[in-house]
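Coming up is one lone chain in structure tokens, specifically the form predicted on its own.
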């Protein structure tokens, strides 16, 4: 009897051992590459992945964290080598680079499904639409605003400036006694690209291209933007030509700058002992006569790179899970304030608004969210997408023009002309 029991036990064990590999083989594996490296972001994404995997035994999702410093070379190399991820997070000017390799799948139907179910804001889909298709699934938005020290403004008797003349007067009045009226970057990097473009938008120069795809960078409105940019830089700290985003955050948080142009930076503001009651936020001031003011915004999205139908459906199932409002609020708050809802249901998500940092800075975030709905991005305006913007952005040519004005002292007209020449070289 014992021997028979042992034989039966061994037989059952062998069946289980044979069954488990079959189950593993049947599971669809999805690999996500993203560039959200800070530990709290990785941990939040992993928590959502774990919850999804537990509820979907036929799908195994994993994340592979990359860096923005490497991804522009690593992702194309992975496509060529045949080992690209199934889902790759992106920003609008990164997507054309991967599309040129023929790896990006059109996602029209899935984006339409998410739009119908959750309600995309209008700003979400346009940057990823070209050639009659949508090429990535919008995930979240990020938008610039002017952040300022409320006490500094009150002590100087200054109201929020709405026009460039008022802005220049405020920056001058706020400069002195070790404090600078505004931080104006001039490093050749993406941060300066973004700030320069904010000035262009509010000078009436948001379109870098004509409708036929030719450049229209060199025009009187862009010149006006760069001229004003250079003028404001005299009220900026001496080290601002070397800034990236972090230095601007520190300058405001430390009280050295009265104003900076930046995304929401709540975590670092808190870490530097910032007081929510002293953190003001306002729209970009606008040049006289400009009727369509705005701000830069970056809609981050997910490209689907796999052409395997089972993997595509598994990827969509994971993204459906992410867009469920409770999950979506948690997803966005891997970086509270910085990552903004891109859907109506996300805007109403209880988990989004209940994050402790979001609760603390709700008033400021409501203002930024309002701006984000009408944000825009260089090369992705006017209802058209021009893939060559990826080469302009990759070389940080907007910031190079700003650098010519602020650091090299070149006149704005000459700097803008030089900028268009460099852009033409980049896209030929």
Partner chain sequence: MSDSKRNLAIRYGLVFVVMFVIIAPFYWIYSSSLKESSEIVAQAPSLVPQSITLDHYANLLSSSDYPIYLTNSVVVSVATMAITVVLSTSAAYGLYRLPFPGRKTLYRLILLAYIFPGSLLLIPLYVMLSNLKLLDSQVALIVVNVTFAAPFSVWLLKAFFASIPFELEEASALDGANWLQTLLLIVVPLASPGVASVAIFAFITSWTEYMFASVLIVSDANRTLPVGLAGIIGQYVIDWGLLLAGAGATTLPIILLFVLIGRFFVRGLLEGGVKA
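Positions refer to the first chain, counted from 1. Here the structure is a predicted model, which means the values were calculated and not measured.
Unshown form predicted in complex with the partner chain; subsequent notes refer to it.
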**Asked** Taking heavy atoms and a 4.5 Å cut-off, does residue 74 contact the partner chain in the predicted bound form?
**Response** yes
**Prompt:** According to a 4.5 angstroms non-hydrogen atom cut-off, is residue 117 in contact with the partner chain in the predicted bound form?
**Reply:** no
**Request:** Look up in the predicted bound form whether residue 209 has a non-hydrogen atom within 4.5 angstroms of the partner chain, and give yes or no.
**Result:** no
**is_contact(residue 378, the partner chain) in the predicted bound form, heavy atom dist at most 4.5 Å** = no
**Asked** Which of 249, 93, 193, 86 has a heavy atom within 4.5 Å of the partner chain in the predicted bound form?
**Response** 249
**Proximity to the partner chain in the predicted bound form, single hit among 229, 148, 128, 263 (heavy atom within 4.5 Å)** = 263
**Asked** Are all three residues 142, 254 and 338 in contact with the partner chain in the predicted bound form, where contact means a non-hydrogen atom within 4.5 Å?
**Response** yes
**Prompt:** Pick from 399-407, 52-60, 66-74, 378-386: which stretch has non-hydrogen atoms within 4.5 Å of the partner chain in the predicted bound form?
**Reply:** 66-74
**Item:** Those residues of 156-183 which, in the predicted bound form, come within 4.5 Å of the partner chain by heavy atom
**Value:** 178, 179
